[in-house]
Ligand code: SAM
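One chain comes next, on its own, written as structure tokens: the form predicted alone.
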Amino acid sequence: MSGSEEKNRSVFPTARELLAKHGLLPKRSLGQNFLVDTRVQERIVDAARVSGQDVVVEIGAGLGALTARLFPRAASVIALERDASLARVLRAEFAGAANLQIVEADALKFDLVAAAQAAGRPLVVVGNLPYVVTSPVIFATLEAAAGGQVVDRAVLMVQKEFAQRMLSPPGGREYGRLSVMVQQAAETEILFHVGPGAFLPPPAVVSTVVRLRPRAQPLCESSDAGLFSLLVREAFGTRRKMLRRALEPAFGSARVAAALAAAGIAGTRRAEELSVADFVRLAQALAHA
């Protein structure tokens, strides 16, 4: 640990101190639950494996707890915060950090591709995601990742049940569109769980820190990415329907029948019974049907 890191960790104010200093309260409407457990903060930054060459995009910087640990390790940090009042706090508290850029923006509108091009290297994405935007943020990150050329890795805090859905195998209630789309695009692992007491205010759920590494080549070829996404969405749109019936409105009965036959998948099966490899095979068959 460098001297600057040690100094930074010892003097950075707590969430309660910052909220009192700036006259703020957590906003429920934005899903603000500030991570206050310093051990968890440190574990998240360690899991990101940030080096002096890395450019980090932090999603939802909040009061800067992770920011304070990231910028001493990284070449530069782009801290995204959509709440204008919190962005002002960050600018005030990190005024002297030359390698830190505070961007007041919605993470879903931030251009990861442009940031990676400006950095001249793939990005590291880190964030404690508000539960209400977890799914779209993860989908947007993976869509922009370009097989690791834009995003090398992402370490994110999400709701425990969400993490379990991402890694769920076929056949269970948790297995669905999220499972298939994430697994086909990235290698994902659960790192550790975080209890409600680590936050201010405490949420009503357990959180989980996950690490995603975009696959150099998604399981479904990029040329079929749009069709694959449509297939998975339609298949899980009506889970109780047989696969053939679920897909016919979007693709037509003749095309679906031909693709199922070519992929060797019975039309009477249901979406939750198909593996990611099955969906890849079916998407490829639909592309040629």
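Remember, it's a predicted structure, so these values are computed and weren't measured experimentally. Quick note: we count residues from 1 along the sequence shown, nothing fancier.
Absent from the display: the form predicted together with S-adenosylmethionine. The rest refers to it.
Peer 1: S-adenosylmethionine isn't shown here, but in the predicted bound form, which of 243-251, 256-264, 45-53, 61-69 has heavy atoms within 4.5 Å of it?
Peer 2: Among the candidates, contact is made by 61-69.
Peer 1: Give me the residue from D83, E143, D152, E93 that has a heavy atom within 4.5 Å of S-adenosylmethionine in the predicted bound form.
Peer 2: Only one option qualifies, and that one is D83.
Peer 1: Only one of P122, P130, G176, P218 has a non-hydrogen atom within 4.5 angstroms of S-adenosylmethionine in the predicted bound form; which is it?
Peer 2: When S-adenosylmethionine is considered in the predicted bound form, the option within 4.5 Å is P130.
Peer 1: Q32 versus S-adenosylmethionine, in the predicted bound form: is there a non-hydrogen atom within 4.5 Å?
Peer 2: Because a heavy atom of Q32 falls inside 4.5 Å of S-adenosylmethionine in the predicted bound form, the answer is yes.
Peer 1: Please tell me whether any heavy atom belonging to L212 falls inside 4.5 Å of a heavy atom of S-adenosylmethionine, as the geometry stands in the predicted bound form.
Peer 2: Contact check for L212: no, nothing within 4.5 Å of S-adenosylmethionine in the predicted bound form.
Peer 1: Please check if A118 has a heavy atom lying within 4.5 Å of any heavy atom of S-adenosylmethionine in the predicted bound form.
Peer 2: Looking in the predicted bound form, residue contacts with S-adenosylmethionine do not include A118, since no heavy atom lies within 4.5 Å.
Peer 1: Could you tell me if A105 has a non-hydrogen atom within 4.5 Å of S-adenosylmethionine in the predicted bound form?
Peer 2: Contact with S-adenosylmethionine, yes.
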